[in-house]
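Here you get one chain, nothing else, as structure tokens; it is the form predicted on its own.
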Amino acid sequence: MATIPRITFGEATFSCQPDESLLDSLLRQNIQVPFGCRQGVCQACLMRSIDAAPPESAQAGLKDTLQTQNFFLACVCHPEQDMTVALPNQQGAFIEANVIKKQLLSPDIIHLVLEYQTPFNFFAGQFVNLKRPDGLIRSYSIANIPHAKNVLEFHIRRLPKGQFSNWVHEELKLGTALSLSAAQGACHYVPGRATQPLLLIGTGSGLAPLYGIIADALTQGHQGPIHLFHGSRDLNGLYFIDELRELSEKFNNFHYVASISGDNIDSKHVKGRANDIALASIDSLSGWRVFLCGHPEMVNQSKKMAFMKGASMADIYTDAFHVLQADS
């Protein structure tokens, strides 16, 4: 007789019968979770497996970045083993990390480095919720790849009325303990298509996740061309210029363009908006993977244009820096 899988959701543990989906099992237990079409199309019932890989059939139609993180659709999931599951926004407890470095990258952007001791898993390009000692929480993208030093790097832009960002720039001291949530987001590199061209467009501190994604791709031996277009209204929003130019000299497949959309521009930078320059430089994006990070208007407009130029929606990854996400 086949073993009946046991499902754990929060504090509840129950059996999933052979003739029912995981969604049906949850509803039978009077556990209310979002759902819609029940056919794996609307993706309203998206969930995540915490401890076991979900059946491949339950991941059909999801982006590869979501599949890598064990997300699945509950309505078409028929568990083959015991599973501990959670809703996408159930990220668990915060862990503690200490500030070990603060460095200005530009007049408006600071490089913040945190060191953690508790085991922590993430992909370069994801974001976390940072919580300061008084409980104020804001979200910031991770700018580095995982490595043995157990550190997380962030590029935090000062906003005029930003409670969190101004506190980081003016008051946060080395050694201060911050709390951070589990890593979230599907805008990250997934290996496996090493010759696929990559297009990355970012504005301001939207470079942070892109910087991590590029480092991840190059570290994992990505062979296809990688084109980064980073833009800002003025020079204060550009940074890592020398480092990125050095990277383009070290790796023949990495190409970097810095642009300024305002009036004050020198010969080292291209005039115009980063997304306009990027999309005008490539005739077709069919077969490309596209990463868009920064101002929501830029992200939304570029997503439409990339699709119109042939990019598959499954290959377009976005991280829009809404004011409430970054700071307020």
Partner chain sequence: MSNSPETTSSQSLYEQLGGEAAVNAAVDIFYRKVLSDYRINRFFDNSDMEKQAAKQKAFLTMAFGGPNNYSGQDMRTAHARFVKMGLDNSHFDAVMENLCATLSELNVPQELIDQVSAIAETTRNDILGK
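All figures in this text were calculated on a predicted structure; none of them were measured in a lab. Residue numbers count along the first chain shown, from 1.
The same protein also has a form predicted together with the partner chain, omitted here; what follows describes it.
Among heavy atoms of residue 303, some come within 4.5 Å of the partner chain in the predicted complex. The closest heavy atom approach of residue 12 to the partner chain in the predicted complex falls outside 4.5 Å. A residue is said to contact a partner when one of its heavy atoms sits within 4.5 Å of a partner heavy atom; residue 262 fails this definition for the partner chain in the predicted complex, lying far away. In the predicted complex, the partner chain lies within 4.5 Å of some heavy atom of residue 311.
Here the chain stands alone, but in the predicted complex its contact with the partner chain, taken as any heavy atom within 4.5 Å, falls in 42 to 50 among 268 to 276, 290 to 298, 24 to 32, 42 to 50. Residues from 53 to 85 that approach the partner chain in the predicted complex with a non-hydrogen atom closer than or equal to 4.5 Å are 60, 61, 63, in the order they occur in the chain.
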